[in-house]
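There is one chain below, alone, in C-alpha cells, taken in the form predicted on its own.
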C-alpha cells in the first residue's frame, strides 16, 4: 500500500483487522530473515530509525545503522529483542545504511551477512561471525570480494552447500552493475540504467559460497524468473518482475524463489528444480501492506511454514518505520502457496 494512499486510513481500525501484530514495539524492525537454530526461532531484521531525511526513490530515508536480533521459542511465543548485535561503527569498510541482513550457521559458528554503503557510496556485502545466534558479531575487515548491491539471503541446501542470493534495483544500485562494473555516471536517479519495458527485467544474483562462508566460490549468476512459456519476465511486467528481497526455501524437493516487486508492493514467487533456477512464476504470496516496501522470509517450524514480513501500521504509515510480523503460510496440494491477505 503506497504512501500516497494512506492519508485517510483509520489505523486503529486497520490494526484491528490485521492478521498479525508487531512482534516487538520497543524499536522499529523490518526485512525479517527468520531461521530455526537448535529448535528456536531467530529473526535477523533491519533496525529502522528516524534519521529525518526526506523521502526519495534512492532510499536515503532508510538510514539504519545497527542490527538487533529477535528470538522466539515459537511463532506464537514472546519475541525478545537481544540488543545491538553489530553497529556500523564496528565495520571498518562501511560508512552507512546497514540495510536488510540475513544469517546462517555452520559448525557452531553463526554468520551475519549484511549490506552497507562503503566510503565511495557503493553498496557492498559484508560478513560477521559469532558463537551465539544473537551475537555480538565480529565483522570481517573487508566486504566480500566482488560483492555489490543489497539484500543478501543465504540458503543452505540438503547437501551442505550454501548459496547467497542478493540484489535490489533503484536504491539498491543493481541497475548500475549491468555491465559488470559500477556505473558512476550521472544522473543520480533510480530510473537511470534500467532496461526498457519490453526488455528482460533485471535479475537477482546467486553465487555459491566458499566452505568458510566468507567469499563467493564463483562469479554470481542471474536468477531468471520465467513465465509459463519459459520466457523471461519483462521490465514492464511490474506486478511480477523482480525488484528486491530475495529468499529461497525448499518444499517437497522443489526450490521456491520469492521476492518483492517493489513499487507495485507484492511478494511473489517462482518454482525451480535447483538453486540456480530458472524459476517459473507461480503467483503472489502476500498482497500489499501499509507502507512502501515488502520484504520477507519463509521458514518451517515444527512441521508448519511461516511467513515473516513487515508493515508500517504501528508508525501509522511512516514508510521507513516498520514492524516485523509473522503469520502461517500454506502450500496447497499442488505445492502452490496460498496468497495471504494481510488485513481481514
Ligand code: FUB
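All figures in this text were calculated on a predicted structure; none of them were measured in a lab. Positions refer to the first chain, counted from 1.
There is another form of this protein, the form predicted together with this ligand, and it is not shown here; the text below is about that form.
Candidate site formed by 176, 233 and 241: none of these residues places a non-hydrogen atom within 4.5 angstroms of this ligand in the predicted complex. Though this ligand is absent from this view, in the predicted complex it lies within 4.5 Å of a heavy atom of just one residue from 100, 164, 112, 268, which is 100. Here is the short version: of 289, 64, 70, 307, the single residue with a heavy atom within 4.5 Å of this ligand in the predicted complex is 64. Put simply, residue 311 is far from this ligand in the predicted complex: not one heavy atom of it is within 4.5 Å. Contact annotation: residue 46 falls within 4.5 Å of this ligand in the predicted complex, judged by heavy atom distances.
Taking non-hydrogen atoms only, residue 153 never approaches this ligand to within 4.5 angstroms in the predicted complex. Stretch 143-151 is the answer when you ask which of 250-258, 143-151, 76-84, 209-217 has residues with heavy atoms within 4.5 Å of this ligand in the predicted complex.
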